[in-house]
Every structure is written in C-alpha cells, then in structure tokens.
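Below, in structure tokens: the form predicted on its own, a single chain.
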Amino acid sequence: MEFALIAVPLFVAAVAASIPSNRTRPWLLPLAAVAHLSLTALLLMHPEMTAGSPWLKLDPLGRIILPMISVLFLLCSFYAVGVLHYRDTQLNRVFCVCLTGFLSVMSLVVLSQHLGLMWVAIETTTLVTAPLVYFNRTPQSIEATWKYLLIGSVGIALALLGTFFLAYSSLHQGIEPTLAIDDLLLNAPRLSKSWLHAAFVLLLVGYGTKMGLAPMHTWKPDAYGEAPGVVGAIFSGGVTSCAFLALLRVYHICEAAGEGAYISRLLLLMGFLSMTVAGLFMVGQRDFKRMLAYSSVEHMGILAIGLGIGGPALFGTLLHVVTNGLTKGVLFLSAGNIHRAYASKSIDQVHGAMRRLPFSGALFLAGFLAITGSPPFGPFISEFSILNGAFDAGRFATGGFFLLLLLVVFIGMGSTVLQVVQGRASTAVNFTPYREDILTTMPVVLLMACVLVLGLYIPSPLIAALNDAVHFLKGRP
C-alpha cells in the first residue's frame, strides 16, 4: 500500500505529460488526489495492508501528517482546475506534472523510515516545486525561483552533513553505523553525545531552512509572493509539514538519547526568533501575499516552540500542524482569487475585496481570524494547548512571551487584511474579468469548514491519533 501512495501520483504525472489537451489535463489533478486520499484512508483503516518494508512505513507521526496533506491536496486540486481553465492560454503541462509528482514525493517523505531516503525525498521536493514557483513567467518569479533553489540547496546540504554526523555518532561509539530510524532509536542512549549535538544543530538549520525558520526564511517571501496561490497553499501546508516531520524524527532520536534539555533550548531560541522576525515584518506590510509568507514563518516558529516545551505541549504542537496547514489553504487560495481579480498584491491598489469578491473576501477575513488564534477556529485550540503546555511545564516566561508575540502578529496582520477586505476599490484600479466560480470558491469554503469544525469538535479518531503520536515521541521501539 505504501508503494501505491507513491506510485499512483507518479503514474498520473506520466499520463499528464502525454495528454495534448491543455483543457483536459488539469482534471488529472483531482483524479490523482482522489486516488491518493482513498489509498490513505484504506491504509489508516487497515494498517495490516502495509507492505512490510523496513524503509517505508506509516508510523504514528505519519498518521497525523499524511491525511492532512492528502485532504489539502484534494481541495487544492479542484481549485487548480478552476485557475488553469481561467488561464487556458498558458501551457500547463509542466505545472500538472510537477504538482502530481509533488504529491508523490511528499508521500515518500512521510513514509520514509530511513534518514538517507528521507533526505533524498526532501531534496526532490525542492527540485519538483521550483518550476511551480516560476509558473507566472515574470522576472520576479524567476528571481524567486533561483533564490528558492539556492537557499534551499544550502539548507539541504547542511542537513546532509548533519545526517552524516548522526551516523558517525554510532560509529564513534563502536556501534554499526546506520540511518534506519528504528535502529537509531534503539541505540540512542549509546550514541556519542558530542556528535549527536553537532548533528542536531546542522539538521535543525538544514530542515529549518526548508520549514522557513528565521533567519533561514529569506526564500519564503519571494517564493510565496510570486507563486500561484494554489502552490503557496501546498507549500505552506505540505512542504513545511514534511520538513517539520523530518525535524520531529531527529527530535525523537535526541529525546531517546536523553538530550531533551539541550535541544529544547535551541528549539525555543529558533521558535521565538522566527515569531519575532515574522511579527516585525508583518507590521506595515503592504504586499498581502508576502504577509502570508511571514505568517508561515511565524507558525513554523510556533511549532518549534511547542517542540521545545516538549511533553505537555506536544499534543497541541501536532494538532497545530493540522490546523495551520488547513488554515493556510484558506488564506492562500482566497488571496489567489483576490490577486487574480485586482492583478495586484499591494494594498495600495487592493481595497474592498468583500465587495468585489464576496466569498473570497469574507474567507480571507475569516482565515485571518483563524490563523491568528481567534476562537472558535482550530488554531485557537492548538495554540491554546501549546500555551497551556508551557504553563503546565512551569515555563511562565515562555508562555508570556509567546502571548506577547501573538498579539504583535495579530495587530500587524490585521492592519493589512482589513485594508484588503474593507472599503471601496479605487476607480483607478483596472479590474480583470475574473469572477468567482464554484471551482475556485468551494474548495476554500470546505477548507474553512474543516478549520471551524476542528475548533468546535476534534473527532475522536484524530484525538486517538494525536495521543498515539505523543506517546510514540516519548518512547522507543
């Protein structure tokens, strides 16, 4: 079953490459997404259908992230059909092939139980997604693509070095070197502490670059700002979640080695730095898509802080992976509609979005309230759980600073969002012919419904999966 999750999107990508019709090809995206979600549901309900490969397995962490990615991709795929039909004069073969290939590679990241294989999969996400950033074919998009490739490559190179250090921490102690995660967890207490510390620093910087943690976040504002909204949604909910999963695997090994106190300090430092940088750049931000990029930096910081707090905050941290991913889908897809209608991302030109695009404008506002932790949406529950975890752990200063930074982000982001959705559009604005339709609106509505439901009621299977994942992170195989 694990192989099917990787192979089916690849097969659909090959079919997409061979179909000549520019108008038919986009429908392969929902086809791949439906097949992927069906296979994911089948594997979750029947774990005995596993292939039994030691390198590919859906473990408790994967059971949180894979369904979220699959649902997000499904809704984004229908949205992509609407966008590509609106832009039917532009060839979409590369876009469709890369997007379906991207789903395959993200599945490989989630299923990998070998650090070397996981590194290859994460590097492949960079290569597969670069053409998606360049889809608009503008000078700004090619600059963003090169910056994404360059900074991403440096980060992934550091992650490779950290992976080698981790293997050497076994060899240094006379243990047979391995990159298999189960073997590393079993041998964790015997690993060389100095090499393990060095490995964690390099892996935190390397995979932190992919997540967009400050100060390695500099590719994000350009890439998210220039990529189509649907790509930004999958980047922000999918790529960053995959990179965070890689960090979770390293965190698990370090915890099993008894080095939780050492990594906690580093994670809190990176988390607070990311939230601070994001908050500062969101205040007075005039480009609403770049604002979303800084919001992503902020939420990667929240995940790092939750992981740094550890035990009591792990449930909220893992829940935040889900709520953040889905809410980012709402924001990027609705922002994509607004950008398409106004042909501008600047709040100097974009006003009155709720009049011009009633659904997208309202969803953009609701997405802002959700992502800033306002009740009754899902991120409120996950952020509150992290905060509660900080106070339960006796980290009152951590909790207080966390609250202060959330307030700064709310004020900074709110001033930009309100200028976008309220008021009347200037008569000098040249509107495009774009009109909301079911394909570019309904996926956003459904994502928003998921975010709202997670704030009102967390389904018992999700609670069970989150508790399993927390228990898994605290133990060894």
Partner chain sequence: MDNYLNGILVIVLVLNLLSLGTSRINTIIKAVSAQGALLGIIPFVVHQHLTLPAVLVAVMAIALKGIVIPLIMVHALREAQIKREIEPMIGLLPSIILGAVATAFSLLFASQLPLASQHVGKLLVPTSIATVFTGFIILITRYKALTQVVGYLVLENGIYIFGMLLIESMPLIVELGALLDLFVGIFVICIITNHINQAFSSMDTRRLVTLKE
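Numbering follows the first chain given and starts at 1. A quick note: this is a predicted structure, and the numbers were derived from the prediction, not measured.
The form predicted in complex with the partner chain is left out here; the points below concern that form.
The candidate spot formed by A144, F165 and E176 lies fully in contact with the partner chain in the model of the complex, as each residue has a heavy atom within 4.5 Å of it. Residue V154 is the only one of L186, L407, V154, V201 with a heavy atom lying within 4.5 Å of the partner chain in the model of the complex. Of the residues given (F272, W119, Y86, F380), W119 alone sits with a heavy atom within 4.5 Å of the partner chain in the model of the complex. By the criterion of a heavy atom within 4.5 Å, F401 is excluded from the residues contacting the partner chain in the model of the complex. Put simply, H172 is close to the partner chain in the model of the complex: some heavy atom of it is within 4.5 Å. Taking the partner from elsewhere, F315 is found to have every heavy atom lying beyond 4.5 Å of the partner chain in the model of the complex. Contact check for K289: no non-hydrogen atom falls within 4.5 Å of the partner chain in the model of the complex. Heavy atoms within 4.5 Å of the partner chain in the model of the complex are found in exactly one of 67 to 75, 95 to 103, 357 to 365, 131 to 139, that being 131 to 139.
In the model of the complex, S194, W195 are the residues of 182 to 206 with at least one heavy atom within 4.5 Å of the partner chain, listed from first to last.
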